[in-house]
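Listed next as structure tokens is one chain, alone, in the form predicted on its own.
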């Protein structure tokens, strides 16, 4: 089947030797949200048999075949499906009704109960709005009510009956037929058309056995309950799918994707209090806040999901002026491992509130956040490129300039072999302030390209288009904090860059308002750092060889940019007192360690289980 072959986006290329149409090494896609069902219409046995063998649905005109003919054709279809190795329920049945047929409710109920009809199509004139409205408002509910009374409980279900070829791709160890009813309609399995859209994340390739996509908090609790019954499988929690440290996809396991919980609501305009769903994207948050003259520092890319960033820290382009994303958090709603929904704030579940700001993914599934956002006018946005033949010298000069730069400016540096790229945001709409704070950076090395604009924060968060996630392989990323760029740090970094072991070397500046918060006020403790380093490569062993000298001149790490799952990295992320406190809370809230997807913190009582 040519159409079905093209829908299979799990393959790089597809071929199909059809009778009438053929494919040879064609590229499938695009990935769709749902299957495109193939329906056949006809009232003879040949059409019914063909529908049973191949189709997703069959439509017939009741006036043309009558009830006896419908029963006969249904039997033909069922036998053909069974002979083809299919479940006859895979083929939906639809009947077209004349206007007069719509008056007999009992006869219509019998179509559902006795003949397995799942949809009724009423044939009316284009101007007969009254008949159509009566059918929708009165007749259809009465049919459903009658069918529910006549059929066994649960027989009328929104649970899709997947084709045999889709069921054949199910992974072992997952009770697919026990997925809660409220989740079944949106769940994605490996054989579904939407699987190509959800299998991978931004950087990591994946092949999960089941992706649950709850749309309400109650459905998140149901998904967590299902995960508890499958603790033998890997579990990923996904908001936007950009996580590097977190897996949020896996091979053969479960993924709970909260992307459907994306509401953004202003709770108190005077207090600038905003409630944001964990599945929202930061680009959408920025757009929603812009008309109010507000912004919330939120990383460097608008496609990132709120949930992951808002539980790890949130180093963004406004950090030096306004602090981390977590510093604006006033409350978080979270589904715990036992399925209960709790609210954590400065006055309720205070220990969880402390942990949620820096290590939150270990304790539950965050479903909503309440933030106090900042008043932010238009900002200065600069993108500068430099010649940097001596990366060590450039780094040291960059560090000196940052030390003298006012808080209004937050620069991020990407350094490569012979070139440096600087992106900086100045929290001011005054051209004089913008130029004066950027000028020292422009003088570090010869400029080869520059662009400086005054724009809304939302424009920066939306400067890159949204693209489908099609990660491949396993991301290799390393992270470190440092208070200053010392000659030793700069020299080791230059050696790393020249080695070719890294294709991405980025320094984000912090300090400023980030350091105004006490180190023990949140689980994010590295408040004294002025620089956060993220390095990425393609080979973990090679990258580690060159990164280790850099690490010796640094301290700590930022969860969002570390992919090494060795237990030692937990100690780098959290000082001993912080880690002990987190493990005690873990033992209380998640004693069986259900949530171990993102930089796993072991419960205090578990001294034997590996953090990997």
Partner chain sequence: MNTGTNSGTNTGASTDVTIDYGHDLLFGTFVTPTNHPVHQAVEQAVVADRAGLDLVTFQDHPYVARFHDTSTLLAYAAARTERIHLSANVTNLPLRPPAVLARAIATLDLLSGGRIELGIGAGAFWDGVAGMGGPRRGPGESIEALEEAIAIIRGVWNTGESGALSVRGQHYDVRGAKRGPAPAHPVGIWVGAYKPRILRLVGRAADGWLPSIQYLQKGLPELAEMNSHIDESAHAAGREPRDIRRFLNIGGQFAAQGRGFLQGPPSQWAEELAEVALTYGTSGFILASDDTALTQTFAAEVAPAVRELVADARGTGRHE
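What we label the rigid core is the largest C-alpha set whose atoms superpose within 1.5 Å from one form to the other. Numbering follows the first chain given and starts at 1. This structure is a prediction, so every number in the text was calculated from the model and none was measured.
Not on display, but discussed next: the form predicted together with its partner chain.
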* Could you spot which one of 467, 439, 539, 347 gets a heavy atom to within 4.5 Å of its partner chain in the predicted complex? => 467
* **Single option in 57, 575, 29, 549 placed near its partner chain in the predicted complex, where near means a heavy atom within 4.5 Å** => 29
* Please run the contact check for residue 23 against its partner chain in the predicted complex: heavy atoms, 4.5 angstroms, yes or no? => yes
* Asked: Of the listed stretches (459 to 467, 247 to 255, 475 to 483, 347 to 355), which one has a non-hydrogen atom within 4.5 Å of its partner chain in the predicted complex?
  -> 459 to 467
* To do: Note yes or no: does the Cα of residue 14 move by 2 Å or more between the shown form and the other one after the core is superposed?
  => yes
